[in-house]
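Let's start with one chain on its own, the form predicted alone, as structure tokens.
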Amino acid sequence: MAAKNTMRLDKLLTMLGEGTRAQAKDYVRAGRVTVNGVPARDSGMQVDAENARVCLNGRALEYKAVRHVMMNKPQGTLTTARDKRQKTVMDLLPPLYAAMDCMPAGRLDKDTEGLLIITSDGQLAHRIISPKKDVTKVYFARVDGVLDESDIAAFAAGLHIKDSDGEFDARPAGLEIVSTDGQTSEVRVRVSEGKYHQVKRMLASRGAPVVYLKRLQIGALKLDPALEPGQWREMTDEEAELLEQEANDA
């Protein structure tokens, strides 16, 4: 009986980000690929992707059926898979992730930093951003203005937003004032929906336009504080479980 994740060797090499299918064939012809310690002679040979030990130039290649990435998205990058003119978050990752059809789960504005999930599990990504899931997001913001208890109460009651981007009723949200110097304030905002520019519009409606915004948390998943803007890492098994739990909760 064939293994569940059996596939052609050249396809596996491509999925692992090791070049195009044609390049993979060249690697095999040149004797640069081994499977379970034996030089591969046929790029079309069937390989058990999960269990076979595949090496390129003596370097072991790690196969994962699904990959989840945590990124601290930097300012100035688009949250999209590709763009002909501007740099995207996928440009910050090795080719392996594009080869596995990884995609951002949700969006952050171009000028917003912080936690971004990139995953090869498209269904999981859609469940995470589904309005039906009410997944909570936590943001840190620096604003031009002074906020007080009346603003906290207004957020808790739910805001009616009407501006140049349109009109909507924001659900009750959390607002925590971290600090203020009499001219600017630093706050944390907790929301359970994702309207267009929502956090910026909510704060602007209280006379406090955002000058800096960073997402800190999605559900129970927190941004690794060791990640500088533009840095990323694959999620741990525990973090992946948190992600699955958030996606599956009603």
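One rule holds for the numbers: they count along the sequence shown, beginning at 1. It should be emphasised that the depicted structure is a prediction, and the values quoted were computed from it without experimental measurement.
Another form exists, predicted in complex with a small molecule; not displayed. Remarks below refer to it.
Contact check for residue 109: a non-hydrogen atom falls within 4.5 Å of the small molecule in the predicted complex. Mapping the unseen interface onto this chain, residue 200 counts among the residues with a heavy atom inside 4.5 Å of the small molecule in the predicted complex. Contact check for residue 61: no non-hydrogen atom falls within 4.5 Å of the small molecule in the predicted complex.
Within 4.5 Å of any heavy atom of the small molecule in the predicted complex lies no heavy atom of residue 56.
Proximity to the small molecule in the predicted complex, taken as heavy atoms within 4.5 Å, picks out 192 to 200 from the listed stretches 62 to 70, 36 to 44, 221 to 229, 192 to 200.
213 is the sole member of 28, 49, 213, 208 with a non-hydrogen atom within 4.5 Å of the small molecule in the predicted complex.
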